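Take a look at the structure tokens below, where one protein chain is shown in two forms, each on its own, as structure 1 and structure 2.
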Structure 1
Amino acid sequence: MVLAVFAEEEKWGKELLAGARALAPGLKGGKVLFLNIGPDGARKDPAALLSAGADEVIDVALPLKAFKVEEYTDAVVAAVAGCDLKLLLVPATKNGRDVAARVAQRLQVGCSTDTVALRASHGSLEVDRAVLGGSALATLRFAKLPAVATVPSGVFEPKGGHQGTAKRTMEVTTDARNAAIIGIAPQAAGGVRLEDAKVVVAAGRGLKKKEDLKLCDALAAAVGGEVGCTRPLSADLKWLSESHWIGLSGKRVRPKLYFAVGVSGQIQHVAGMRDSGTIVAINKDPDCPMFSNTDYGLVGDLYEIVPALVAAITAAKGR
């Protein structure tokens, strides 16, 4: 009986390994595998994964320049073939969702996407996943296992100290494909790793124009944070890249301190930041939904409040 984790990023792999270890007893699972798949130079350090919860790391080298879903799907399916798989955990990233859905289809098993909680007992698995645009949580029980689940970052806390030791190299032949990577261009500048930020300043549509983002930049600089945003600022207005987008369909963050600047607090946004430590909202509408999710609500015009806040923080730091 096996639980397996596939993740492109080591940080995410460690979180899911902690999750697999926590779920293993309830699923009557024995071994936890990490599927270390990717081109040369992109695979992770097995020692770190063995300590984070893997009993065995299966190394699959792919002759690719970068991620390509068909070959990764082949590799995951080949790596779990023949083992008595109970559960495959995959990060709820763009690539992860793509691989998970295809693997579930190939294995003819159920797949839960955006799984925010997993509970295992007596060999069965129950999950909570966001539905109806994030306005509700659905609880599902898998009628049979194995199952595949994509899990957003932050659901499990990574742990160390496990003493896994086994490493195996596996050769996977992938079928000839209809598409090939013919070039790779660097992503536009401005990428940000909000998942790791201790403080996040989220900009919303309360800002009137792109240049006004400098207010949020100034607040972020004053408090040592990173700027994020709501979906409209990234998806519709293109003021910030996708890596800044927080929420159900964006990134899930849980910094120690979260500022919502001109953010109305729709459920789809809140789904991505509700686990933050202290939440401060600045909004001119005292009835906006964001205020029901905040520790401190500042009612007023962000164009007055943010500069005053920055000045006060800067002055306090100078004392």
Structure 2
Amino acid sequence: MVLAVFAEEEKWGKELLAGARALAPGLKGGKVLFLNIGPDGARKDPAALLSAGADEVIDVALPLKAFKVEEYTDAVVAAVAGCDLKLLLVPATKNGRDVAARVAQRLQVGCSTDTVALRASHGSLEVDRAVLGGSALATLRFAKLPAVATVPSGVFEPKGGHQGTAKRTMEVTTDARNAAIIGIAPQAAGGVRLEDAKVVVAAGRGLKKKEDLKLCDALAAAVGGEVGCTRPLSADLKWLSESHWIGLSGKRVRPKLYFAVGVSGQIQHVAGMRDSGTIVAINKDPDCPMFSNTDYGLVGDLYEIVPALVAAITAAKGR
């Protein structure tokens, strides 16, 4: 009985290993495997993964310069072949979703994408996943196992101290492909790592125009935080990039301090930030859903409250 984890980044891997260990008893699983797949120099430190929850790390070197979904799929399928697989966890990234869907098809098993909760009991698996562009949650139960699930960051809290000891090197022969990597260009700078931020200022649809984001920038600068946003500002209006999007289909964050500026508080956004420490909401509508999910609520015009708050914070820091 095996649960397996595949992730390109060590941070994702540690989170999913914690999830695999938590789910193993309910799935009647025994061993937790980490599939350490990638080119030379790009794979993770086995010792860190064994401490984070893996009983065994399977190391697979691929003759690639960068990620290529067909070869990664071949490697994952080969790595789990022959074991009594119950569940494969994969991060809900662009590359992760590509691999997960192809692996599920190759194994002829079910695949749950954007899975925000997993519950295992008596050998069965039930999941909650985002649907309808993140505007709703669907609860599904797998009719049979094994299964594949992609999971956003923040669903599981990484842990240490596990005593996994085994590392196994596996050679995988991938099928010949007609596509090849001919060049790699760096992505334009400007992305943010909201998952790591201690303070987040989230901008919502209460802002009237893109230029008004400077209010959130000023507040973030005053408190030493990062600016995020709700789905409409990223997906619909394109005021900010996807790296700023907080919610079921975006980033899941858990900062010590979270400001919701002009955020209505729909469930798809709240699901991405509900684990924050102290939550402060600023909205002129006293009945907006966000106020039922906050520690402190400021009812009023954000165009008046935010500048006053920035001035007060700046003055306090200067004392």
Ligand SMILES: Cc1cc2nc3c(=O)[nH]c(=O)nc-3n(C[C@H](O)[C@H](O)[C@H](O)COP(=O)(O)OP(=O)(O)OC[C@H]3O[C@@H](n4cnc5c(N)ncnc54)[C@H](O)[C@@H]3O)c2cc1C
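Here, rigid core means the biggest group of C-alpha atoms that superpose within 1.5 Å across both forms. Throughout, residue numbering runs from 1 along the sequence of structure 1. Bear in mind that the values here come from a model prediction, so they are computed numbers and not experimental data.
As summarised for this chain, the second structure is the form predicted alone, and the first is not.
Core-aligned CA deviation for G265 between structure 1 and structure 2: 2 Å or greater.
After superposition on the rigid core, the Cα atom of T294 is displaced by 2 Å or more between structure 1 and structure 2. For K86, the Cα coordinates differ by under 2 angstroms between structure 1 and structure 2 after the core has been superposed. Structural comparison between structure 1 and structure 2 after rigid-core fitting shows the C-alpha of S243 displaced 3.2 Å.
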